[in-house]
Ligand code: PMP
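Okay, here we've got a single chain as structure tokens, the form predicted alone, with questions on binding and movement later.
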């Protein structure tokens, strides 16, 4: 059997590698035979997550508007993935980057941000991403001329990234056959931007937002909207329904997809997959695409139980 390889892309710089991530057919147990379940594998971005799209869009739009210019420092609050994305983009474009994050953020992501040259300000872990958001606004207010505030929770360039890239990629990769799009709610940019594009192409596409079942959850990067500071870019009408996921169920799906498909995914990806299967179970036919924000290597310190369960399958 011969193997034909597609030509590898030739890129001008690392930022040209953002986006164009693969769509992978998944075979989770229980999904009806007539339903296709696909995962959009965002850890193939150069910074390792879907937030590379957000970071690049925010910085590019900041340059275009003149708000970001040489001599300014990029600053934002982040639970991890946007932090890495901003650190990567800032380094590639020559801007210093300062990041505000809860002290509970995994050591793996802290090291990545520092490796890209970013400085980190830590906040009370009990206050989560909301505490980091309050702190970064204090920092910016104290020195307006020094900073370009990426402001991922309010910046329209966040959903614009997914309107311009994620949505079109999913439409093209499925040949326009996508019937359901499932993604987690964090800043909400992924859901809002992708939904806007897919609904323009086909109003019948169902967009399903995924959130933790309560405020004290263990799904880093996701927000329980009823108990959190709601991002200003969030548009509840962007999604057609919302599914709540228990932390332990998301962890269990991480183990299942590792054992069955060989995919090491992050916990928010596990939440999206759990919800996607729930959607699939109610269908006789369809093409369900779940957005998988990142890989599991950034959660190894907190995921020993997941991986040991998967190895026993």
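Here the structure is a predicted model, which is why all the values come from computation and not from measurement. Numbering follows the first chain given and starts at 1.
Keep in mind that the form predicted together with this ligand is missing from the display, and what follows is about it.
Mapping the unseen interface onto this chain, residue 186 counts among the residues with a heavy atom inside 4.5 Å of this ligand in the predicted complex. Mapping the unseen interface onto this chain, residue 220 counts among the residues with a heavy atom inside 4.5 Å of this ligand in the predicted complex.
The closest heavy atom approach of residue 45 to this ligand in the predicted complex falls outside 4.5 Å.
Taking non-hydrogen atoms only, residue 190 approaches this ligand to within 4.5 angstroms in the predicted complex. Figure note: of the listed segments 197-205, 130-138, 220-228, 112-120, the one touching this ligand in the predicted complex, with heavy atoms no more than 4.5 Å away, is 220-228. For the candidate spot formed by 51, 81 and 293, every residue has a non-hydrogen atom within 4.5 angstroms of this ligand in the predicted complex. Although this ligand is not shown here, in the predicted complex the stretch 266-288 places heavy atoms of just one residue, 268, within 4.5 Å of it.
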